[in-house]
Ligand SMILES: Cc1cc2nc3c(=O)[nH]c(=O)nc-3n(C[C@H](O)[C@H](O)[C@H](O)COP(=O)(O)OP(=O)(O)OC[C@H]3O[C@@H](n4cnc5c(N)ncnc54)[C@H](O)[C@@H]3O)c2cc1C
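Read the single chain below, which is given as structure tokens and is the form predicted alone.
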């Protein structure tokens, strides 16, 4: 078993831990990030929606909440961050639909808040909300249900790819000096006078500071050292992804009180989610879908866009999109030093964690400094990453040039998403070691057939590039083997 010594240990490779690691890499900090999974961004980050709360959504948050301040701090940071890391970011705008005069109460409240908070809590350059009438709504979104008399338009709402952003953050942090250990699960922690001893499945880690960014498991990690001075309640919610062939049904996110939302994604699909009033308290770490949630979410989506059909759902998932900290208040987070254990910092963002992550990362530097960590700027810090080529988005001329350099880009492996062998090999070169690792870097298996056609081919490429047998290839690491045996071996065993 190995022993690692580091000054700052970040536990958790989700969006929060990734953003913190990347921010720390701006300084000459001796920091290590550990993630129990085979890849980063595969926990609660993977189950989040792609919506960036860049606009009216943030008006729901009470101004006295720490969570609100972190989200607002992250608003002007997210788009420049995505630009630096070459991660897709797109403003799509949102329409809060109004069915009748009584339905104006909530939109009018949001518009008043926007006016009062503009330049105070919200960035001064954020675009104002506006009410659009029935005719404008019909012109903009002809597939929205005809019962709606208008909508409040927010031009600021955006989408991105949270997992791809997490991967880019960690890649950039590694390039700038942060140590990253995957498949390293924290099993126990002992607090000493001057630091911590952390036991993992791969050995021990000695550190002076711990940042607990373990997502759904933040409470479990905190309990190891009696630093769980907070309460968390996971609220289960359902979301579904639609086939790209219906991606043009709407152009903007549409939502209504009590009817959830339907929204474009950054990759051309639509997805819909259940309304907040239909969410329910869930069992921790249970991401199973169920018929009641699925039926409710579909009904809500069809109340907004009647053409949404169950036949067009290609995947669905359940995430804990809200953590309610009842000891403090609705939607509140836990980001700060434990009241009971010095230098142990809990970073449970809650909802919406993706949007708040850049703000949390900035605040974490202040917290560590106040706790005694000396930080000097990293003179070699390079904030930029270059994304791998997306063959489906290239012009014909660019495709020809790429194929001329590497013929593997001329071999389409995933027909649904037009993903080539060259992209898959590049994803593996950049760190993918599993089917999901490849999937979330370049999207084979994200289309209609969900890997039914390309899955065996991606498995074969992974085995070849990693120098392992196809049976050793896993979906997401650990025991998640994709192939248990070869058919011929099974036949031979029965002879």
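Here the structure is a predicted model, which is why all the values come from computation and not from measurement. Residue numbers count along the first chain shown, from 1.
Note that the form predicted together with this ligand isn't included here; everything after this is about it.
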{"property": "Candidate from 185, 79, 127, 86 lying within 4.5 Å of this ligand in the predicted complex - any heavy atom", "result": "185"}
{"property": "Heavy atom of residue 237 within 4.5 Å of this ligand in the predicted complex", "result": "yes"}
{"property": "Partner contact for residue 148 in the predicted complex: this ligand, 4.5 angstroms, heavy atom", "result": "no"}
{"property": "4.5 Å heavy atom contact, residue 45 to this ligand in the predicted complex", "result": "yes"}
{"property": "Close approach of residue 50 to this ligand in the predicted complex, 4.5 Å, heavy atom", "result": "yes"}
{"property": "This ligand in the predicted complex: contacting segment from 216-224, 298-306, 387-395, 135-143, heavy atom within 4.5 Å", "result": "216-224"}
{"property": "Sequence-ordered list of residues in 4-29 near this ligand in the predicted complex, where near means a heavy atom within 4.5 Å", "result": "11, 12, 13, 14, 15, 16, 17"}
